[in-house]
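Okay, so here's just one chain, in structure tokens, the form predicted on its own.
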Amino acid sequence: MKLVIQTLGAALAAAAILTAHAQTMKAADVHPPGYPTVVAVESMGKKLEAATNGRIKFQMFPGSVLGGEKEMIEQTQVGAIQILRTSLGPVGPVVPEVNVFNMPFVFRNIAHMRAVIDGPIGQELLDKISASPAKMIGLAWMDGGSRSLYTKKPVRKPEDLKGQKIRMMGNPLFVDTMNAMGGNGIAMGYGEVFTAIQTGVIDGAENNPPSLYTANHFKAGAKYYTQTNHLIIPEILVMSKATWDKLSQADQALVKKTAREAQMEQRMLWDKAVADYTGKLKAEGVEFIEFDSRPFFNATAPVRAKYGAQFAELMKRIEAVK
């Protein structure tokens, strides 16, 4: 009887130690359930759970339930959120180098952007985030799409944009980009765009096909999608440094491996989403205009010179990537 009690006690103690080391990590995203970034991070969590026999698992909080990106970054910095998918904008003030990806036409196309983030430059920037005072570890990159114009009137050259008011993200760099392209850049909250197009306050906006469809901006009158691809801005997956520092080296390696796999899975999901939503938009009567975007590239040279001076060497390296 004594032996049974001792054995039972040892088993309970072992279970207690195992439970103490088990960790359910909060993973957060502003995107809704089913969105490519959310699905890829959920898949990463399942892989970690399987590889660690349940010791590490994710609890996903999509759809901004834990706040906007700024609030979630702050929570990640103090360890209240463990895994976060965020855009680069809020990271720029802490790690200025990531702002190079915000430059207009810094990437020739999606394939060029992927070659850059998959290679040495992408890893260098992840490492800079990890080494910065941001208190976050850069794990992987995610596709944020290629942004193009959608307007009420067709645009095929810079002159067609003259006098047109185009909504841009609230960043002077992006407003200056639209002004250089020939339009009138207007900083405006995303939630205001539908009514602004509908009522004629603005003549159009710019984003990727999934956003154009899900926000219903084509129903407000933006029926022409001009494939300028002027901004191709990747997003990022980070882990709280407070959480990272508590992991063993083996677990850290496992997190990096599964994060890289999540990067590739999200890419496939994103490409499928773009194809699906492009088809839906065409079925709704949206005209996709393909053309030579070199005039827009040339027109935005002063913007790259103004905002990219501090990244001149890095931009040359990006340009050289095949």
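Quick note: we count residues from 1 along the sequence shown, nothing fancier. Rigid core (definition): largest C-alpha set, two forms, superposition within 1.5 Å. None of these values were measured; they are calculated from a predicted model.
Only in words, not in the display: the form predicted in complex with beta-D-galactopyranuronic acid (GTR), which the text now covers.
Remark: of stretches 81-89, 245-253, 195-203, 95-103, the one touching beta-D-galactopyranuronic acid (GTR) in the predicted bound form is 81-89 (heavy atom within 4.5 Å). Within 4.5 Å of beta-D-galactopyranuronic acid (GTR) in the predicted bound form, a heavy atom is found for none of Q23, E42 and F61. Only one of S211, S132, N179, N109 comes within 4.5 Å of beta-D-galactopyranuronic acid (GTR) in the predicted bound form through a heavy atom, and that residue is S211. Among K282, R260, R55, H31, the residue placing a heavy atom within 4.5 Å of beta-D-galactopyranuronic acid (GTR) in the predicted bound form is H31. Proximity of R147 to beta-D-galactopyranuronic acid (GTR) in the predicted bound form: non-hydrogen atoms within 4.5 Å are present. Contact between M169 and beta-D-galactopyranuronic acid (GTR) in the predicted bound form is found at the 4.5 Å heavy atom cutoff.
Taking the partner from elsewhere, E265 is found to have every heavy atom lying beyond 4.5 Å of beta-D-galactopyranuronic acid (GTR) in the predicted bound form. In the predicted bound form, no heavy atom of Q77 sits within 4.5 Å of beta-D-galactopyranuronic acid (GTR). Residues of 64-82 placing a heavy atom within 4.5 Å of beta-D-galactopyranuronic acid (GTR) in the predicted bound form: E69 alone.
With the core held fixed, N171 shows a CA shift of 2 Å or greater between this form and the one not shown. The Cα position of A205 differs by 2 Å or more between this form and the one not shown after fitting on the rigid core.
Superposition on the rigid core between this form and the one not shown places the CA atom of Y225 2 Å or more away from its counterpart.
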